[in-house]
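The chain that follows stands alone, in the form predicted on its own, written as structure tokens.
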């Protein structure tokens, strides 16, 4: 065999090896076990665009008032009110404001709105476009709670047996990171099933971002803007406890101050702090 033929064979062999490697890489990257299912919910069933300069829509939202038991179970430091100082709608935006003030035995006031008893749904896409506050001790959240949550009597379940889906939680001292979690029997509080998402070259307190989930009987997908960053499956949950996400849940949006998850404000925390919500939307199939 002449030298040119040998060189040609070497080149051909090298190309074939390279092609085989590429085929294998593509095959592995497309392995269905490593991809995440994306459910598409396009039927809009609830939309609050906050497009009137008035109080919030009482057909959609109600309030939790007070400081709860043991700071709502988390040693939080705020007293929730429905005063316009703490919650209002202005220029197409819902504003929840945390204020440092002495009020009914608490050092801070804020607000917590919820759709309990008004708008509850099992499965679907739940999303909100929000700009978050900043600073040590700021704990905003957009989350869902099982409609049967209660004290364990009259067809209710105590937390966490009723289930909780945290679409977005955030520590004010970490302005580039949000958390998405589920809580239930066997995987609650510090043992929640959770994952974080971090922005690159951006912060959650300097602009609006869309936080959402797509929830089906088999999994819950978590999104920030158009990024699918987490999937929690029924199988994954049942390895730790009981899947309790086959019932209606209601929406909660609140801005807490202090608490076990976040820690107390410090001397560098500036008040008032605001959580701005552009819209809340819910879809089903």
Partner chain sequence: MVQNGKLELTFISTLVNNIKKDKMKTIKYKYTKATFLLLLLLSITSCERELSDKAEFANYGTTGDIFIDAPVGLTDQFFVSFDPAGGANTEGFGTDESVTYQGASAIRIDVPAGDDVNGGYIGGIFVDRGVGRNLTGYDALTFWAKGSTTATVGLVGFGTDFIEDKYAVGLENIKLSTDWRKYTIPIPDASKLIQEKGMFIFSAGGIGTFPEMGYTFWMDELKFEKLGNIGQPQPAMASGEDRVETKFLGDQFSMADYSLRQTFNLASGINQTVIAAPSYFSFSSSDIEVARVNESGIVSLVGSGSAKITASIAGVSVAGSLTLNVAGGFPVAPAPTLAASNVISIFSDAYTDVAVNYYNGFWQPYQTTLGGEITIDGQNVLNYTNFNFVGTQLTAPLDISEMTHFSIDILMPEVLATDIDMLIVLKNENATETTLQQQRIGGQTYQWSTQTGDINDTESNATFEGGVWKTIKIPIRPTAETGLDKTGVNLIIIERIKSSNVTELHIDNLYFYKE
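These figures come from a predicted structure and were not determined experimentally. Residue numbers count along the first chain shown, from 1.
The protein also exists as the form predicted in complex with the partner chain; that form is not presented, and the subsequent description refers to it.
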Residue (of 148, 106, 194, 173) lying close to the partner chain in the predicted complex, criterion heavy atoms within 4.5 Å:
173
Residue within 4.5 Å of the partner chain in the predicted complex by heavy atom, from 88, 75, 161, 134, is 134
Residue-level question: is residue 202 within 4.5 Å of the partner chain in the predicted complex, judged on heavy atoms?
yes
Verify the contact flag for residue 206: yes if a non-hydrogen atom of it lies within 4.5 Å of a non-hydrogen atom of the partner chain in the predicted complex, no if not.
yes
Name the stretch: of 98-106, 76-84, 151-159, 173-181, exactly one has residues whose heavy atoms fall within 4.5 Å of the partner chain in the predicted complex.
173-181
Which residues in 252-277 have a heavy atom within 4.5 Å of the partner chain in the predicted complex?
268, 270
